[in-house]
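First, one chain by itself: the form predicted alone, in structure tokens.
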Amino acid sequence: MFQPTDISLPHLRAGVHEALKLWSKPNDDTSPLSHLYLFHQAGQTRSANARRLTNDLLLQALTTMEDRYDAFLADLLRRRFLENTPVAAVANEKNIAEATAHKKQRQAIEQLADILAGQERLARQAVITALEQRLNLPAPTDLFGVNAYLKRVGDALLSPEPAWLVAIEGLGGIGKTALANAVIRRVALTHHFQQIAWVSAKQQEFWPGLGLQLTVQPALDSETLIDNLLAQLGEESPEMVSPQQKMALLTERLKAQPHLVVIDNLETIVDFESLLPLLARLANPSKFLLTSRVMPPQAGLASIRLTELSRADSFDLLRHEAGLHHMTSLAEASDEQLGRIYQVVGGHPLALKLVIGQLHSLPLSQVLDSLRQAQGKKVDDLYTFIYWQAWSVLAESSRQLLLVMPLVQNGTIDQLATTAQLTMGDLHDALAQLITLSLLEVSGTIDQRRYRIHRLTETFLLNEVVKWPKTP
């Protein structure tokens, strides 16, 4: 079953205690520490039963405790559990009361669990960092009201049975990409898939001087997908290899071991129908996770539809985002006040974030009065209205930067400066304003930040702003 990634210290401490008590018991295939990534990582590198893997983890942590933290407590655990010495005998050896020995044992188990938790976090972070860098993933975001969806999608992907194609569908801005992003970060810690790939379908192209270029072709054709996957999976083929040979190479790779392929923003039925025969050939045991606004019913496809956030989850998101933006009055607002936002915007996560961005410079009453003009419209129209409201308050440098973002998605600050032709001072001001208004997403490492815009922001720019008549 799909396991959450959070490390619960009380749960881990109980598991460590149980594992210590089982140290000398007959081998079996279960472990109180089987929920740890460290446990599964060890199982990938060598062949051993669950008891041996568990004992090795405990021994490594004990050695760390002895060398870096508290040799007395480490030796107490060794005597009590590894050598199976009664607590009274250990108390006598240590020249302490038996009650003190019990207390020290609890302290030692807690410290051992803390050490394991630290090692677990480092191991997990190494995997996630490598995944982020290899796939240029969107930055992880705090999600609300998605626990049930996380489990459903995760269980569907980790099941050894069909469906081989799993789809997350829902309205634009509802959180499909964010959910897929969260799922694969958890799936990556299970060792279920040999490797993970992520491909984004791009619906339109924007070229300086030409504007928005529409196309009747599928956003992602089979040849492009195959080339992209071969490159991501480390199977780059010589340029002279034929499409048939590339297909054979990719098929062999995906059939030999289960892989997970995410295809994000597969928005139209034309896109899906053009790729379905290819995906059917490549799947099993590999699986494909698709995100789309509309997914036509297909045999062998498990479709999971995201809906709006509930009122309570919307309030949680609003208060959380307000806290991130240091908007104390909004973070501490009453349910009645937040209910005014929910009544107008509904439970659309991106729309709620964009509204918070506007509240930096405008009073709530004015923002809501403007938004009421969009009530009753389609969700896409609501987003367009909100974006125009945000556009109207942008400084010229911020507009200039936002307009070039479709050209430098996931770009570095140097790439943004070159493309937008802004000085570093103006660029920093523009970045600050766009981030404040929730129009720009930031990811990457502390040494190299990367910037991108949401798909709906890009759609707004390409469909609305590039056609906006410029003043003389």
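So that there is no doubt, residue numbering starts at 1 and follows the sequence shown. Just so it is clear, the model here is predicted, and its values are computed rather than measured.
The protein also exists as the form predicted together with a small molecule; that form is not presented, and the subsequent description refers to it.
query = in the predicted bound form, which of the listed residues (Ile115, Leu279, Leu171, Leu230) lies with a heavy atom within 4.5 Å of the small molecule?
reply = Contact with the small molecule in the predicted bound form is made by Leu171 alone.
ask   = Which of these residues, Val146, Ile196, Leu330, Ile226, gets a heavy atom within 4.5 Å of the small molecule in the predicted bound form?
value = When the small molecule is considered in the predicted bound form, the option within 4.5 Å is Val146.
query = Is Pro349 a contact residue for the small molecule in the predicted bound form, using a 4.5 Å heavy atom cut-off?
reply = Although the small molecule is absent here, Pro349 would touch it in the predicted bound form, with heavy atoms inside 4.5 Å.
inquiry  = Under a 4.5 Å heavy atom criterion, is Arg79 part of the interface with the small molecule in the predicted bound form?
reply    = Residue-level check for Arg79: no, no contact with the small molecule.
message = His192 versus the small molecule, in the predicted bound form: is there a non-hydrogen atom within 4.5 Å?
response = His192: no, not in contact with the small molecule in the predicted bound form.
message = Can you work out whether Arg124 and the small molecule are in contact in the predicted bound form, taking contact to mean some heavy atom pair no more than 4.5 Å apart?
response = Residue-level check for Arg124: no, no contact with the small molecule.
request  = Would you point out which of 102-110, 171-179, 115-123, 271-279 contains residues with a non-hydrogen atom within 4.5 Å of the small molecule in the predicted bound form?
outcome  = In short, 171-179.
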